[in-house]
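Take a look at this single chain in C-alpha cells; it is the form predicted alone.
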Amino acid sequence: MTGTVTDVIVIGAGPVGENVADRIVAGGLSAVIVESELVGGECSYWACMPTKALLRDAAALRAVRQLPGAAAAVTGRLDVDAVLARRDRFASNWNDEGQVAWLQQAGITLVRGHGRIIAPRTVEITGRDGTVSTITARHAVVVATGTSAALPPIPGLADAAPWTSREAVSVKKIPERLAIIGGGVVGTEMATAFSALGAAVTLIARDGVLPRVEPYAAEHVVASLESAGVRVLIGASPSEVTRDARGTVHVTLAGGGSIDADEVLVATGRRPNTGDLGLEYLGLAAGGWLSVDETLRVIGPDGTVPDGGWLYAAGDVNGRALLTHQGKYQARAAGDAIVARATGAPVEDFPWGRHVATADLRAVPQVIFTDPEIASAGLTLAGAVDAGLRVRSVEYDLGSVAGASLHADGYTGRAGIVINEDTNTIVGFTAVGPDVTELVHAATIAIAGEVPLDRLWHAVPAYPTISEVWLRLLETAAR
C-alpha cells in the first residue's frame, strides 16, 4: 500500500465519509476511505439506528393504549429481550460486512487502520497489526472522523466505569436503577427508553431539560417523563461519583443529597475526534473542532485556507450541525466541490449553491424521539432574536386539531412557528406531541425555500390530518 496514489483520501467511514467517497467516485475520480473501527460509524451501531430501535416498541405500545379498541387487544408488558434483539438487528450485530460490501460495489477502496496526515495530501495509516503504510491524494484529503462522548471533570466519575451513549445503546441487560447525567437529546431519549424497559431512572439536568428547544416543547417532555416515573432533577449538579465494591454507583449532588444506581450514563456533550490526525502539521490544534469555509475546506485560525486548500472537514467534526443527515448533506456538497475543482468545473460557492452547506445555518431539521416527540426546523425564537432578526412567534394547541384528536384519545401537544417580520417568511418551526416527526419536512421546505406566508396559504393541508396545524398557525398569525 505504501506509495499508493489516489485522487481523494477520506479519513472516517461513517455515513459522512461514505457519502463523500460516493460523490467523488460518481464524479469520475478515485477514492480511498480509511477507517479504524466499523464501517458505517456511530450512526449505524451506537446512535441513530439502534437508539430508535430501542425506542420504537415502547412508542408503538403507547400509541395502541391511546385507542380504546386497540388497547383492549393488548395485554402484558414489553418483551425486553425481543426489543434488544430487534435493536441488535438494526445494529447489524455490530458487524460491518454489509457496509464493506456497499463500498466495494460503489468502487471505493477501503483501508483498515488509523489515518494521520504527515505531509501535503499524504496520509500515514497504521493498521490493526501495527504495519504502517502511506497514501497520497492528487486532489484532497477529507476528515470525517466524527465525535466521541465527552466526560465532564466530575471527581471520581472516570473511575466509576460510567456508561456513554455507546454502552447504553448496546446494553445486554436493563439495570434496575439508572442515573443519567445530562438533560439533552441523548439523556432524554435514553431516559424515555430505559424507563419504558423497566429501569428506575433519575435524570440529572444541571442546565435544564432540552435547553436548546422551545420551552413549551421541553415542558411537555418533562411532564411526560415524570408521569412515566422518571425522577427529573432540574438544576442539580453532581459533585462526585463513586462505585463501591458491590458495584453500586453513588452520585453525590452539590448542595446535598445523593443518588444510588446500578449504572450511570454520562450524556453531557461530544468532543471532536481530531486528537491524533496530524493537524499540527497545518498549524491547527489537535483535539479541536475544525472550522470550514462555505465549501467545507478547513480554514486556519487566521480565517484563511491553509496550504492550497486540499484539506476538507465534513460532518460532526466541524461542529456546524451535529446530526447525521446534516453531515451527509455536507458530504454531498464537499464531494461535489472537490470534483468540480479537480475537473475545472465552476464552483457554486454562493448561498444555496450546489457546493455549499447553507442549510446548516438556516434550515436544520431535527427530531427528538422522546415521549412525546419533538420535531423542529430552523431557529427557535431565542435563536432568531440572537441572530438579530425581527421576529414574532405564533403557537397553537395540537390537541385542538381534528387529525390529532382522531390520532389518539387525549392527544396533547403544541406547535409553533417563528416569523421573520421583514421577509414575511418562516424561519423556525417546532412541534411537540405523539407522532409529530412527519411534520418536520414540510417545515424544512418552507424555511429552506423562504416561502412567504402569503404563498403558504395556498399549501392546503389534507383533512383530517395533524398537518392541519399549518392552517391553524397561519390563521393565528393573521389575527
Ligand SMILES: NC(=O)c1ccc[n+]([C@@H]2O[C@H](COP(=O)([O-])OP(=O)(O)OC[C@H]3O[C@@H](n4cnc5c(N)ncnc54)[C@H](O)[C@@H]3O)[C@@H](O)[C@H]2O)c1
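A residue's number is simply how far along the shown sequence it sits, counting from 1. Since the structure is predicted, the reported quantities are computational estimates derived from the model, not experimental observations.
Not on display, but discussed next: the form predicted in complex with the named molecule.
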### Query
Any chance all of 154, 182 and 270 sit within 4.5 Å of the named molecule in the predicted bound form, going by non-hydrogen atoms?
yes
### Task
Sort through 84, 323, 389, 408 and report the residue having a heavy atom within 4.5 Å of the named molecule in the predicted bound form.
323
### Summary
Partner-free chain; cross-checking the named molecule in the predicted bound form, the single residue of 138, 341, 206, 332 with a heavy atom within 4.5 Å is 206
### Query
Taking heavy atoms only, is residue 371 within 4.5 angstroms of the named molecule in the predicted bound form?
no
### Query
Going by a heavy atom distance of 4.5 Å, is residue 212 a contact of the named molecule in the predicted bound form?
yes
### Message
When the contact criterion is heavy atoms within 4.5 Å, does residue 52 count as touching the named molecule in the predicted bound form?
### Response
yes
### Query
Would residue 366 sit within 4.5 Å of the named molecule in the predicted bound form, counting heavy atoms only?
yes
### Summary
Per contact check vs the named molecule in the predicted bound form (non-hydrogen atom within 4.5 angstroms), the hit among 240-248, 98-106, 183-191, 223-231 is 183-191
